[in-house]
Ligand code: SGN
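In C-alpha cells, the next block holds one chain alone, the form predicted on its own.
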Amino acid sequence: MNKFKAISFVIIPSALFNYSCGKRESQNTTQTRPNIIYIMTDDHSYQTISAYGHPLSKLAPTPNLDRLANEGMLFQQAFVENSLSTPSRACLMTGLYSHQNGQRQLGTGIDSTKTFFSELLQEAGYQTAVVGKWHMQCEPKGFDYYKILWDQGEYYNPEFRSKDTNGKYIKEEGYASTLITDHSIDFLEHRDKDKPFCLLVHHKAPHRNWMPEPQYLDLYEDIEFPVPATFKDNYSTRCSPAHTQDMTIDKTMTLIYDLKVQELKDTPPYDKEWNIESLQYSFDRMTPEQLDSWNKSYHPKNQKFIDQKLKGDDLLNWKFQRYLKDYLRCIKSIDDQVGRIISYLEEQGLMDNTIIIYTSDQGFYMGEHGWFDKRFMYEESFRTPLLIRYPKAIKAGTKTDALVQNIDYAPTILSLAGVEKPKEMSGTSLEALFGGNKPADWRTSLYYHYYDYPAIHSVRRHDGVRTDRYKLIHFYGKGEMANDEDIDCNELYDLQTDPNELNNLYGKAGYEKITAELQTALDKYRIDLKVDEY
C-alpha cells in the first residue's frame, strides 16, 4: 500500500514524558469495568522469562515480568495458531484462525472487513490505543489513539506514524523499547479519565537483529550461557523439513548483520553476506553519541573475535554466545519498560482495576535443534509466554496447565470488559481458568497451521494437532525452493517421554491407536474450521 512508502525523516527529541508522580488519580466510582493493558513483544521466548524456570533465565532474570507472574497467573501451556508475526497479530485482533482472517503469511492478506475486538471495545465506551509494532497492511481499526512503527521498526531512532502526522512516519531520537513506553504513558496521561481504557503496547524487541540499548551493551559479557541439549540435533528421525530448513545458528546466522561484527564487511568471504547494507543503515541512523557508545563496546570484542580466527565448534559456540547475549540484553530493556508501566499504574492508583496481560507474538528458538527463529510446530516456537495479573479475579501465584491459544485473547479481553464476543470468533475466553481450576469441558487439543512457504528460512507448510501429551504434524506441498521436493510426511511425538521431540514415532509399532485418534482429531479440525489446504 502506497501510504506505507511515504516516510518523512524528521528528527525530534526523545520524549521521556514526565508524568505526575505526586497526585494519585481519583477513581470514578461509576467505573466498574476494568482497564486493560496488553503488552506483546516480538519473538520473546518463554525460556527467557525467569518465572518459567528455564536455566537461561536464571542467569538473566526478569524481575518485573516475574512480578506479573507472582501476583497473577502463569500459563504453562500457551500456544499460537501460526508461529509468525503478522498472522499472530491478526489472530489477536480478530480471534480467528489465519485462514479465517486472511493473514496466512507475512505481508498482504488481512481481511480488514473482519471485526477487530478494538472496534467492539470502542463501541462499548472504552478508550482504545495501540503503540509500537502494528505490522499489518491495514489501518489500525477501533483505536482512538495510535502511534505505530514503520514496518518492523528500528531499534535506534525509529519512525512512528499517528493520526496527527498526515500519513508520514516521523523519526524520533531514542531507543525503541523506551520510546514505545514513553508514548504509552503519554496516552495514559492524556486519556479521558472518565472512561475505562484498553492499551496495546506492542514492542519491536527482541526481533532480529537484536541490537541492545546503550546502557546494556556489555551486560552479561562475562556469563557463559548453557548450550541446549538439542544444539547438535541431527534430525535423524524427522521428515525432510527439519533437514532443509534455513535457520541454523551454524549456517544461517550471519556474522555481520546478525552478530554485528561490522569490521568484516569488506573482508572476503564475509563481504558477500546478505543484509550488510541493512546493518550499515542501522549505524548511519544513530546519533554520534549512540554510535560512539556502540563502537567503544563492540569494536574491542569484535577485534578479539577476529584475532582468534575461530573455526568449527569454537566458532559455533562463539556465535551462540553472542546471539544469546544480544537477545537477552534486549529482554533486559523490555523488563525495565514493563517495570515503568507498573510504576506508573501504582503511582496513579490504577493497579487494582487494571488487567495486565503479557505475551509474545510467538515463541523462539534459543539454540534448540541448532536453530534461531520460529515457524515450526515444535514446542519452542509453538509455545509462547502468557502472564495475566488481575487481582480482582486472579489469586497471586496461580498457575494453569490448560491448553490456551492466541485466538483466545480477543474473546478474553471482550469478556473482561463485559462485551459479548461475536459468534464467528473461534477463540474462547480464558476467564474460566482464572480460579486456577480447569473446567471439565475445557479443550483437550489445539490446531496449528503454518503457510509461509516459499519464504525466508525455507520452512515447509504444515498443520497439526497437539494434546496434553501427544503431537501429530503433517508436512505437505510442492517443493518450490532449491533442493526442496514435494512432500506428504507425518511426525508423531510423545511429549511426556520425549519433550525435546527427537524421536518421531509415526508408523512405529505400538502407536497405531494414538495415531488414529490424533488423525481423527486433526481431520475434525480441518472439517469444522473449513480449512482449504493441507
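Just so you know, these numbers come straight off a predicted model, no measurement behind them. All residue numbers are counted from 1 along the displayed sequence.
One more form of this protein, predicted together with the named molecule, exists but is not displayed; see below.
Check your understanding: Just one of K163, K195, K265, R208 has a heavy atom within 4.5 Å of the named molecule in the predicted bound form. Which one?
Key -> The option sitting close enough to the partner is R208.
Review point. Which one of E71, D373, E368, E159 is close to the named molecule in the predicted bound form, taking close to mean a heavy atom within 4.5 Å?
Key: Result of the distance check: D373.
Review point. With the partner left out here, if you bring back the named molecule in the predicted bound form, are L106, Y257 and H457 all within 4.5 Å of it by some heavy atom?
Key: Checking in the predicted bound form: L106, Y257 and H457 are all within 4.5 Å of the named molecule.
Review point. Looking at the partner-bound form in the predicted bound form, is S177 within 4.5 Å of the named molecule by any heavy atom?
Key: S177: no contact with the named molecule in the predicted bound form.
Check your understanding: Given that the partner is absent here, does D43 sit within 4.5 Å of the named molecule in the predicted bound form, heavy atoms only?
Key -> Result yes; D43 sits at the interface with the named molecule in the predicted bound form.
Review point. Heavy atom to heavy atom, is Q280 within 4.5 Å of the named molecule in the predicted bound form?
Key: Because no heavy atom of Q280 falls inside 4.5 Å of the named molecule in the predicted bound form, the answer is no.
Review point. Does the named molecule get within 4.5 angstroms of any non-hydrogen atom of T230 in the predicted bound form?
Key: The answer is no: T230 has no heavy atom within 4.5 Å of the named molecule.
Exercise for review: Could you tell me which of 280 to 288, 340 to 348, 388 to 396, 131 to 139 sits within 4.5 Å of the named molecule in the predicted bound form, going by non-hydrogen atoms?
Suggested key: Going through the listed ranges, the match is 131 to 139.
Practice item. Just give me the residues of 83 to 97, first to last, that have a heavy atom within 4.5 Å of the named molecule in the predicted bound form. Key: Residues within 4.5 Å: L84, S85.
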